[in-house]
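Heads up, the chain below is alone and in the form predicted alone; it's given as structure tokens.
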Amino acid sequence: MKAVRVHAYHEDPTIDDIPEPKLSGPLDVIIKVGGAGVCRTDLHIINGDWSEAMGPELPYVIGHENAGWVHEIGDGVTNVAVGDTVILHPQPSCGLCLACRAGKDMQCENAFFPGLSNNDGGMAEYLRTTARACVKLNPDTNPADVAALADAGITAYHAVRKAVPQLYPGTTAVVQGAGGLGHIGIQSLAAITATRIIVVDRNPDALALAEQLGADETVLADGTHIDAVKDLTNGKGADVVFDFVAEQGAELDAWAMTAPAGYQYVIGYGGEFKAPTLDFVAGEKNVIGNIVGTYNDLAELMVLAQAGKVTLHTRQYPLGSALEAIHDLDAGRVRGRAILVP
């Protein structure tokens, strides 16, 4: 089969012919990939940023946002059947440890992460995952239309879902960065909260899309955006700020836009957060990290997606054009999400 593999960091991946994955356990599931998202995390992987944390052996197949059709199942699989349309939770978990039993899939003691850890991902024709990772979809769903919800989608939704208690009527939320994750965050906020939504981005086209998706106000990130947000919030800042950028100083902008006793959710990464401890104490601000989401988050998000309340704006590429997709994403030429279709 064809697959996109990283052979060396700081170099372009290559499209290789490799054997199809095989079942190795009773709960394994082989997926015929119908769509694989190209994520900024893939750029970080290619750059070697995850090598120490995940320790994959090179070469390996990248791709952690995947949907498709069940191709083969292990003897113990009962929740899906061959031919089912599915989207995959990106981190298969064991279901037995304390974290899993508490519904905290991302803290599973025995999890693996195809496309990040030492396990081949889904930028390929076939992928091996587990029964626990599969969320069944309506049979008429096109996997390429929803694949990026598997990671970008639940990452954005997970942050919004955690913040719901702080987003009652009369509050204000800022979404910083209306790109691949942020545009899903905007729709999630509009779907499950009553908060006022302010979107900050440096790209006027992204702001125009944000208005279509439910933003109440938009602010161009031109150096005056912190003051503009303060003006829109009677000088105090937003009750909740979702930072989908968190690099090149944006993480400090998010802090400055957060109101006293407010919450800054850090979803993007790459920068470095620094703030005087007195600001924490005197302002009682809260900074909260966010990594992907739970199986339940993905199941809830798919309900919203199949009801038309959350939609992905995508640009599709054939698998053979993976390098073009990666370069377009890196250069900022992709609005929404890039999807590879085998």
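From 1 onward, residues are counted along the sequence shown. Here the structure is a predicted model, which means the values were calculated and not measured.
FYI, the form predicted in complex with another copy of the chain isn't displayed, but the following is about it.
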Here the chain appears without its partner; judged in the predicted bound form, the stretch of 285 to 293, 35 to 43, 65 to 73, 312 to 320 with heavy atoms within 4.5 Å of another copy of the chain is 285 to 293
Heavy atom within 4.5 Å of another copy of the chain in the predicted bound form: which of Thr172, Ser93, Thr129, Thr258?
Ser93
Identify, from the list Asp205, Glu109, Glu211, Asp227, the residue with a heavy atom within 4.5 Å of another copy of the chain in the predicted bound form.
Glu109
Does another copy of the chain come within 4.5 Å of any heavy atom of Leu58 in the predicted bound form?
no
Is it the case that Thr78, even though its partner is missing from this view, gets within 4.5 Å of another copy of the chain in the predicted bound form, heavy atoms only?
yes
When the contact criterion is heavy atoms within 4.5 Å, does Pro26 count as touching another copy of the chain in the predicted bound form?
yes
Within a 4.5 Å heavy atom cut-off, is Leu304 in contact with another copy of the chain in the predicted bound form?
yes
Assess the spot marked by Lys104, Thr193 and Ile267: is another copy of the chain within 4.5 Å of a heavy atom from every one of these residues in the predicted bound form?
yes
Looking in the predicted bound form, the residues of 235 to 249 with a heavy atom no more than 4.5 Å from another copy of the chain, listed in order, are Lys236, Ala246
